[in-house]
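This document opens with one chain alone, in structure tokens, the form predicted on its own.
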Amino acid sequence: MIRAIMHGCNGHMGQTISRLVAEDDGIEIVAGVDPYTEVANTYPVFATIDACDVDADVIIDFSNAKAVDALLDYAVAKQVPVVLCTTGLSEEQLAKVAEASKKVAILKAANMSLGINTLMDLLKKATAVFADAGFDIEIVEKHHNQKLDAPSGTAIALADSINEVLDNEYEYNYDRSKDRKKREKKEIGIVSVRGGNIVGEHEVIFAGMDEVITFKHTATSKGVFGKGAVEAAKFLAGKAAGMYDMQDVIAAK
């Protein structure tokens, strides 16, 4: 049985993951960390990571950027691998993540969904076929009206997976309204839609002459990110120091 610490246990994703783990025979949460400790959990909760004295095999992190520095210090000192799901890290923090990964296993991904990460692999194969055949590539992403960033990190990650096959020669076009001209051959258009309570929808379009191929992923709840994080935790426990991502999780299945 894998023993996990849930960092950010009383947030929405922390509680979602707690429910998912409770139904999984291969992993258990042995401790939680959250500055708000008034939520009733089946495991002990500590206000800070430094106060946690429970042995664990892996940490699942869905907290906030302010808490990441202390988390990395703890992980290195205790030699506990980390599934790092917190976004919005500064350049300095990203550098610290890279440095910490030399001493302990860290898994970081722009999107924890197994579906999205499988889609990235499919897009690489599709791009190898369609780009050489002259197909234009466009991405449309849709999220709720409270999302602050645009385009989404996932949309950029999808574009990056495509561009990797194209030797990073394609430019990203986020706003065609600024220039009145036809699209460039080597560009990937990324359009952002914000409205209602859309959890997340990403559509990648390969448009050629007389045919269009579309890849689409729709998240109907944030549970998909929790499921991916749990699978990542089971994969990462016991791994040697290094930087991992969800593609490693998928490849191991």
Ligand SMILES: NC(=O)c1ccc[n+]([C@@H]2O[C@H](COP(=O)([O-])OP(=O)(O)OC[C@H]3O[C@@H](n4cnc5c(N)ncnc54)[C@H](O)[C@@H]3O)[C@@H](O)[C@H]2O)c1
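Values in this document were obtained by computation on a predicted structure and should not be read as measured data. Numbering starts at 1 and follows the sequence shown.
This next part talks about the form predicted together with the named molecule, which is not shown.
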{"item": "Segment that reaches the named molecule in the predicted complex - one of 52-60, 218-226, 203-211, 185-193, heavy atoms within 4.5 Å", "value": "218-226"}
{"item": "Contact label in the predicted complex: N64 to the named molecule, heavy atom within 4.5 Å", "value": "yes"}
{"item": "T86 within 4.5 Å of the named molecule in the predicted complex, heavy atoms", "value": "yes"}
{"item": "Contact of M13 with the named molecule in the predicted complex (heavy atom, 4.5 Å)", "value": "yes"}
{"item": "A75 within 4.5 Å of the named molecule in the predicted complex, heavy atoms", "value": "no"}
{"item": "The unique member of A110, V140, V97, L114 whose heavy atoms fall within 4.5 Å of the named molecule in the predicted complex", "value": "A110"}
